[in-house]
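Taking the form predicted alone, here's one chain by itself in C-alpha cells.
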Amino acid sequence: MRLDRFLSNLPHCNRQAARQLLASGRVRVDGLIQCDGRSEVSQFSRIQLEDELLQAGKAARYFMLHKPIGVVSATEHPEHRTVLDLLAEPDKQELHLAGRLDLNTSGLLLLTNDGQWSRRATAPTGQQPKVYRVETQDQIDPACIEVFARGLYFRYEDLTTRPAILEILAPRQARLTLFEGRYHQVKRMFGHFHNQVIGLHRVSMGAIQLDKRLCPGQYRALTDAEIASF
C-alpha cells in the first residue's frame, strides 16, 4: 500500500490532509522521515506521526526447512503431516510456503509471512536457479544434457521449458539446475527419455543453500544476507 493511502485511511484524515502531513516532515517510517506519499508500506512497516504510533509493524519471519520425504508441502492436510507440523513456532499458521516440493521430494523449503518476499523468491522470471540432486532408475543418457539445455516441449501446457543445466555425477545420479518450476517438471523431463526419477532432493533456491547441519525435519531462521538475496 502507498503511504499516502495508508494515511488517508486514518480517522479524520483525507488525501489532502495526508499530503500536508507528509510535506511537514512529521511522518516517520521505520524511524526515518518519509515525505514521499508514493513510497510503499506494508504490515511490517513501523509508522509514526511525530510521537504517535500509527502502526507498530509486524515482525517479518523467514525460515528454511529441510523437508523430509512423506511430508506435505501444505499448511494443512487430512491424511499426511504437513511442513507446519514440523515447526515449533508461535502463530505458525500465519506462515506460508515460498515454493513447494512433492510428497516424495526432500530438501530446501522456504517459509515466511512476507508475501512480497515469497513472490520475489518464486517469480517465474528465469533469474533464480533451483538446484536438485536426481537419482534415476536407469542410467542417464548423456543426450539429456543437450536436450535439457535446449528445452523440452510440454504438450499439456503447450510450452517449451527454459534451458536447464544437467551435470551427470554417476550413471544414475545427476545435478539439475532449473530456472522455472513446472508441474512435476524434473520427472517429466527424465520421462521424455523413459527414465523414472526415484529420488529427488532440492539443494538450493537462488543464493540460498540448504544448511548441511539441518537433518530432515529440522529448520532455522534465514540470515539477513539470505533474506536480502531475494
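In case it trips you up, residue 1 is the first one in the sequence shown, and so on. Note that the structure is a prediction, hence the values are computed from the model and not measured.
One more form of this protein, predicted together with a small molecule, exists but is not displayed; see below.
Visitor: So in the model of the complex, is the small molecule close enough to S45 to count as touching (4.5 Å, heavy atoms)?
Guide: Looking in the model of the complex, residue contacts with the small molecule do not include S45, since no heavy atom lies within 4.5 Å.
Visitor: If we define contact as a non-hydrogen atom of the residue within 4.5 angstroms of the partner, is T105 a contact of the small molecule in the model of the complex?
Guide: T105: contacts the small molecule in the model of the complex.
Visitor: Can any non-hydrogen atom of M64 be found within 4.5 angstroms of the small molecule in the model of the complex?
Guide: M64: no, not in contact with the small molecule in the model of the complex.
Visitor: Is Q185 one of the residues lying within 4.5 Å of the small molecule in the model of the complex, judged by heavy atom distances?
Guide: Yes.
Visitor: Since the partner isn't included here, can you check whether the small molecule sits close to all of A121, I208 and F230 in the model of the complex (heavy atom within 4.5 Å for each)?
Guide: No, the whole trio is out of contact, none within 4.5 Å by any heavy atom.
Visitor: Using heavy atoms only and a 4.5 Å cut-off, determine which of A174, V27, L200, V41 is in contact with the small molecule in the model of the complex.
Guide: Contact residue from the list: L200.
Visitor: Out of L95, L101, V71, A98, which one falls within 4.5 Å of the small molecule in the model of the complex, going by heavy atoms?
Guide: For this set of options, the contacting one is L101.
Visitor: Which one of these stretches, 185-193, 158-166, 46-54, 30-38, sits within 4.5 Å of the small molecule in the model of the complex when only heavy atoms are counted?
Guide: Only one stretch qualifies here: 185-193.
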